[in-house]
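Below, in structure tokens: the form predicted alone, a single chain.
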Amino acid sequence: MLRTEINELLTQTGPGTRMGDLFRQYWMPALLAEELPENDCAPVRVKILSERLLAFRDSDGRYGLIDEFCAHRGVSLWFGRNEESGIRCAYHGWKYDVTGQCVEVPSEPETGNFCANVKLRAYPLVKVGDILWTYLGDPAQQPPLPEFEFVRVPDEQTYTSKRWQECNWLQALEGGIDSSHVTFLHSGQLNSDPLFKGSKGNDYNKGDLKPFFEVADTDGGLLIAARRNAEEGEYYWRVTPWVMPSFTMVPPRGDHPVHGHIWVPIDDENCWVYTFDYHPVRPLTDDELSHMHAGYGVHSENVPGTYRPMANKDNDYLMDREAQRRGEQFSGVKGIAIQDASLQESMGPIVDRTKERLVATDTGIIKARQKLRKAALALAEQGVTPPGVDPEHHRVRSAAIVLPHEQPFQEGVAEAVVARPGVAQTTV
């Protein structure tokens, strides 16, 4: 259990909060590149860390992320016209460039310097892989761009999706580093989902319902390892890397693509889930991409024109009690992504952690909370740069591996959890 004040520290990410200040040390996904597909396309509202912003792509292809509201009378620039290298307010025609600088006020004399003194808050917006990333911190402290493997492999080897999750970022993240629930919640999918089935590791998952956890510190976060019995004298290890503040990778299954998530706070009660699949050494197949678009694996089928899942809290996640009874889906909810979201959202917008009763399989969650709190306090009190900012910390992989009983997991997976271009994932 957590004291109320610690829970608040970890879950509150708005301006001026300690966890909000921590997130502002990192490059974070702001939107998918597909949301700004061409020059002078429609602008997109972006809410991140409780800040309301507007993203647009100008006539020269430059990306901008600026305050949503015009400096004149505070109307939303989302209604504005994206034209001639700037966004023009629909109310009185004030125009801003991608840096937030006001470049034209039609009612003011052109010879004056009024525009020069009007500038909206603005943040960098940079395309890396399928994602447009932003940095909301001190420009003088801006770190190098992300180097996670899924955004650095060739385009044909990677796919990223996005969905809105209606709960605090932390309870969503904690689901991503909790490997013990797979045996129950996702049991129906292990041998039926086209992006999971066929792996020998599935048999180990279903054959041992009592995983033993070991957690190791890394420079960027944690390695969370779940150990299950395999063949005689061997253990099956599933190793999940967590890179601060909110990047996780799911251990691979067979030759299926490797996948994972980045959770980005919208505000304290909602978050974006950016979900990726990639293969380190080959293009994704047409079948794999078709399944991802259809919402299989860790992706979701969304309401057309939005990033809200079709199965959501308003329709009870399309729960099927008969499928639950038949064992097709352990919870009666279809799809791995929505199975996770349904239970994480069921806790409420921000779960009351003073009431929880943690057990040994929650070791990774406990240590992640401790590391987040320690980093937030060190930043606030001493200005210490937190783990995960350095791109060196991004070059990680998840791994699934069978090791002899006597071999420590850290020794056995030392090479497997390092991302190396042109080298296949370690998988079972």
Partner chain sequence: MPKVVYVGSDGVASAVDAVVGESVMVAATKNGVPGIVGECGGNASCGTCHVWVRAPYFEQVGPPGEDLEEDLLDLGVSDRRCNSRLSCQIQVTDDLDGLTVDVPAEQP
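Quick caveat, the model's predicted, so the values are computed rather than measured. Positions refer to the first chain, counted from 1.
One more form of this protein should be noted, the form predicted in complex with its partner chain, which is absent from this view; the next part is about it.
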**Stretch in contact, per heavy atom within 4.5 angstroms of its partner chain in the predicted complex, of 371 to 379, 390 to 398, 63 to 71, 50 to 58** = 371 to 379
**Prompt:** Is the gap between R357 and its partner chain in the predicted complex 4.5 Å or less for some heavy atom pair?
**Reply:** yes
**Message:** Even though the partner isn't displayed, in the predicted complex is A424 close enough to its partner chain, meaning a heavy atom within 4.5 Å?
**Reply:** no
**Asked** Should C41 be classed as touching its partner chain in the predicted complex when contacts are defined as heavy atoms within 4.5 Å?
**Response** no
**Asked** Is there a non-hydrogen atom of V384 within 4.5 angstroms of a non-hydrogen atom of its partner chain in the predicted complex?
**Response** no
**Request:** Output the sequence-ordered list of residues from 1 to 38 with at least one heavy atom within 4.5 Å of its partner chain in the predicted complex.
**Result:** M1, L2, R3, I6
